[in-house]
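The chain below stands alone and is given in structure tokens; this is the form predicted alone.
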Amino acid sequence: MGYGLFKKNTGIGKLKEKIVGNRNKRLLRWPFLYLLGREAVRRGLIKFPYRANAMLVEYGMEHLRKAYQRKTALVWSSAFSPTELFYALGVNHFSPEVTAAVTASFGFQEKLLKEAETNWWGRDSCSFHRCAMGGILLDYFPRPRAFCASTHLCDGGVLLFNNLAARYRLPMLLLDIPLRQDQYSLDYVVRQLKEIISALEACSGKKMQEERLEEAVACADAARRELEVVNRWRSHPLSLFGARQALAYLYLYHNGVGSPVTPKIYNTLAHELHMKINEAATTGAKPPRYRLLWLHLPPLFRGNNILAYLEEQGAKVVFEEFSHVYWGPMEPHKPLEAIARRMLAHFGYGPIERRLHVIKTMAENFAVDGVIHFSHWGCRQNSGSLKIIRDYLRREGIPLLLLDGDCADSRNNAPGQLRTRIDGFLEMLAK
């Protein structure tokens, strides 16, 4: 959905003002709101460049509708949680970090950030987590029955969930991911998954069925295969689908693994990318002057234009590391082992050599001219390896631009400075 839909002089813009203005936040729990949005999508009242986008929006609205209806148990889940468990058990899940990104992209984040800061959440902490804290304190985000977090990548998410679990006296389900990828680690994660299932059964009143768990793992594997096809088409020189379009699909990447809808959306997108590449070839379209790879996330708040500015200068971010398929084939008949292997497989967790290898592979597969790393304010574990990444890419002969800023809080950004550094980087690539 384009930002233009949220201008103040539109009906949706007025709705946004009512919600953010703290006058009608109960609208978020109003089922008709999501049904209205779904019908607007299906009747073509909201235009999308890809049919897959419309399917994604429908999925997102249904996902949020279930989260707010409170008819079944709701679990807050951190990024990279084992979402297959939630789909298999029929438990609704809500990712406050992903929702914070959506909130920022629609310009809703300021009120939530300020609420968190007035409750002693400092501005040097991650803005995604401050949005999440503000969202639950102001009752914008649905209250869960339990919190489920994995130790992947982000210490702040675990601390946020611990804080909220203590505040609301709710269960905290922690999946501790070892740094090593061996049989001991696999067995350790499987044992924890069994414990989490028992805890989810207790808080939801439902019983896990083995066939449902196998179905969820089969869907996760199908999503992996379809996303790999999407990424292969994205690597084509005439692909028009870059990071600006791909960011919306991170909602699926973090929330949709295990859903039967996810592989269908990726399959539709893959076919559409193929068709558009063929169309571009017949019209004589030319590839961008510079092809770039993006590490971490770009600024997501409404009004930022870094990716658009790059394209105006003849450069295009053709791929981003958070769209990389990091897990291998999954065996549905061994569901817990399959989920555990996916949990252990993330390239950004463990020895830095894993991430370096993936960065080089992505750079080669997408034939990039340079790499941009965005250091998100508050994401210290991501920025701590920058010198190693810089030295490695220098040895490999791959230019790197380091940018500093914030993904969700516009107050922590300097647009003019970012553009100046981008201009200098592109001038270097031109030599």
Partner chain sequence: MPVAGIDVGSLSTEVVILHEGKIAAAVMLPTGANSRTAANRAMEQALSQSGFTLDALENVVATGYGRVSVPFAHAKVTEITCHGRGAHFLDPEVRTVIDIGGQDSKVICLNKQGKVVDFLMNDKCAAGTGRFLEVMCQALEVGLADFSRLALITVEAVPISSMCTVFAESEVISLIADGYPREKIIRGIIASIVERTEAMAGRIGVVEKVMMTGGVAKNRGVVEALQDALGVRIALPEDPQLVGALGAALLAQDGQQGRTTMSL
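Positions refer to the first chain, counted from 1. Computed from a prediction, not measured in an experiment: that's the story for all the values here.
Below, we refer to the form predicted in complex with the partner chain, which is not included among the displayed structures.
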Contact check for His152, Leu175 and Pro178 against the partner chain in the predicted bound form, heavy atom at 4.5 Å: no
Location of the partner chain contact in the predicted bound form, chosen stretch of 48 to 56, 397 to 405, 358 to 366, 62 to 70 [non-hydrogen atom, 4.5 Å]: 397 to 405
Any non-hydrogen atom of Arg380 within 4.5 angstroms of the partner chain in the predicted bound form: no
4.5 Å heavy atom contact, Arg123 to the partner chain in the predicted bound form: no
4.5 angstroms heavy atom contact with the partner chain in the predicted bound form for Lys111: no
Close approach of Gln209 to the partner chain in the predicted bound form, 4.5 Å, heavy atom: no
Heavy atom within 4.5 Å of the partner chain in the predicted bound form - qualifying residues of 271 to 294: Arg289
